[in-house]
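Only one chain is given next, in structure tokens, and it is the form predicted on its own.
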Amino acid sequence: MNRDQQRAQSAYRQVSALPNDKHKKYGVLALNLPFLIRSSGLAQALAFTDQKARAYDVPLLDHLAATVGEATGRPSLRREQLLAESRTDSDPASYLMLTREALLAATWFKRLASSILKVEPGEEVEG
């Protein structure tokens, strides 16, 4: 199994285990995460998404950290550690590698938000 297949499998396992009442909020955040990483940078995107995910009580960054950790051989990677490593004062090579891995993992969550959670682009969370 290659790394992209590992990312897909990890993301699928986590998304398919979500309770139904979390689908829309999780899906809206997952759809926007790759765009946020590209447009705002990893640190800002993760900080924003973490704030929203906590407000909505959805585990998107926990799932992203687990997927990035599995793909990079660090299965114990947690949300807090991912946020700390995404700080822009880390060394540039590590930051770029983490950004690439997070973007690749986030893309799988985006795909699964559309295909499994049935969230469409442009949908918003009420409340």
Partner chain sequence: MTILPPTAPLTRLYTLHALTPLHAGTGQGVGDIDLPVTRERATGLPFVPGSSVRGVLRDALGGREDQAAVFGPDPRHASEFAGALSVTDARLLLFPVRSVAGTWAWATSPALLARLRRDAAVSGTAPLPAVPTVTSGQALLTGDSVLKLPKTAAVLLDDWQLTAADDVRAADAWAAALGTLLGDEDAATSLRQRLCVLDDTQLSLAAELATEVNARIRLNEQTKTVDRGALWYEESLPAETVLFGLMRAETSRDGRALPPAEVLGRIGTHRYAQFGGKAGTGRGLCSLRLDLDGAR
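Numbering follows the first chain given and starts at 1. Since we're looking at a predicted model, the values are computed, not measured.
Quick note: we don't show the form predicted together with the partner chain, though the next part is all about it.
### Message
Quick check for you: of 46-54, 94-102, 64-72, 77-85, which stretch puts a non-hydrogen atom within 4.5 Å of the partner chain in the predicted bound form?
### Response
That would be 94-102.
### Query
So in the predicted bound form, does any heavy atom of G41 sit within 4.5 Å of the partner chain?
It does: once the partner chain is placed as it appears in the predicted bound form, G41 has a heavy atom within 4.5 Å of it.
### Query
Is there a heavy atom of T107 no more than 4.5 Å from a heavy atom of the partner chain in the predicted bound form?
Flag for T107 set to yes.
### Query
Is there a heavy atom of H23 lying 4.5 Å or less from a heavy atom of the partner chain in the predicted bound form?
Flag for H23 set to no.
### Message
I'd like to check something about R111: if you look in the predicted bound form, is any of its heavy atoms closer than or equal to 4.5 Å to a heavy atom of the partner chain?
### Response
Result yes; R111 sits at the interface with the partner chain in the predicted bound form.
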